[in-house]
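Quick heads-up: it's one chain on its own, the form predicted alone, in structure tokens.
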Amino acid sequence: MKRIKSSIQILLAAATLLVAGQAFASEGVDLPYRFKPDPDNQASVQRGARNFMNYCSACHSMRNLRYNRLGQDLGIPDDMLKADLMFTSDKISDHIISAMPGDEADAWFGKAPPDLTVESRYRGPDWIYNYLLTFYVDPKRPLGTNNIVLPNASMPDVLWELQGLQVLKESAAEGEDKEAEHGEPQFELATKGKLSPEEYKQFVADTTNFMVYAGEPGRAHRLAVGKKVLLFLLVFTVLAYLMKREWWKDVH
């Protein structure tokens, strides 16, 4: 009885931590955009790796992921890996480490940019997707931009050239109606970016898919092994039942 009670307490504690973690990740903000990650889409994850290495890795590291593991999982040859994705190291066995010095980062941003290896598991894919979509012009901020999902973030809008500069409509800025009819914030493009809105959303989706992959590189292998184990257990159960019937047929 004590063991059962202890197991129930553990399950309740785990559920509480899960809910608390999700609430902390969203930080009380309703995420306006819906996103379903697809880390099994290799082409998307490959594009996301390109996006991350070109636009994020100058400031953010992925200390728990090696270049050669990245290449192996995503089907990227070593020569292409070195030419297109490795900007801070020459060895494919190295971890993905940003070139930004920590002390200078503290001085420039007030806090060193965080490592993003498990950011998708800490914050959730929805949070990352929404964060990268909801920067807007805010003259009151030191860097001139703000973010709906993470207000007063010290990170600048590094993707503004791709997305363009967007502003909140007056009603949304005044807090009267922060979201459109479909739950999306009311933004207007003040300056067009290199990508169309749909192209930029795909860019963000690819980047988020890559970060989901980076949070658990062994996911695909785990799922594949899990399916084989379940199939084995199913076949074994059937064989065990037939063997049991054969052994006990004279008894019954």
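Position 1 is the first residue in the sequence shown; the rest follow in order. Fair warning: this is a prediction, and the values are worked out from it, not measured in the lab.
Separately, the form predicted together with a small molecule exists; it is not shown, and the next lines address it.
Taken together, the three residues Leu31, Leu133 and Val137 lack any non-hydrogen atom within 4.5 angstroms of the small molecule in the predicted complex.
Exactly one of the stretches 51-59, 66-74, 214-222, 34-42 approaches the small molecule in the predicted complex with heavy atoms within 4.5 Å, and it is 51-59. Put simply, of Met80, Ala99, Ala153, Val167 only one has a heavy atom within 4.5 Å of the small molecule in the predicted complex, and it is Ala153. Not displayed here, the small molecule is approached by Glu119 to within 4.5 Å at the level of heavy atoms in the predicted complex. The small molecule in the predicted complex comes within 4.5 Å of a heavy atom belonging to Pro114. Interface membership of Leu159, defined by any non-hydrogen atom within 4.5 Å of the small molecule in the predicted complex, is confirmed.
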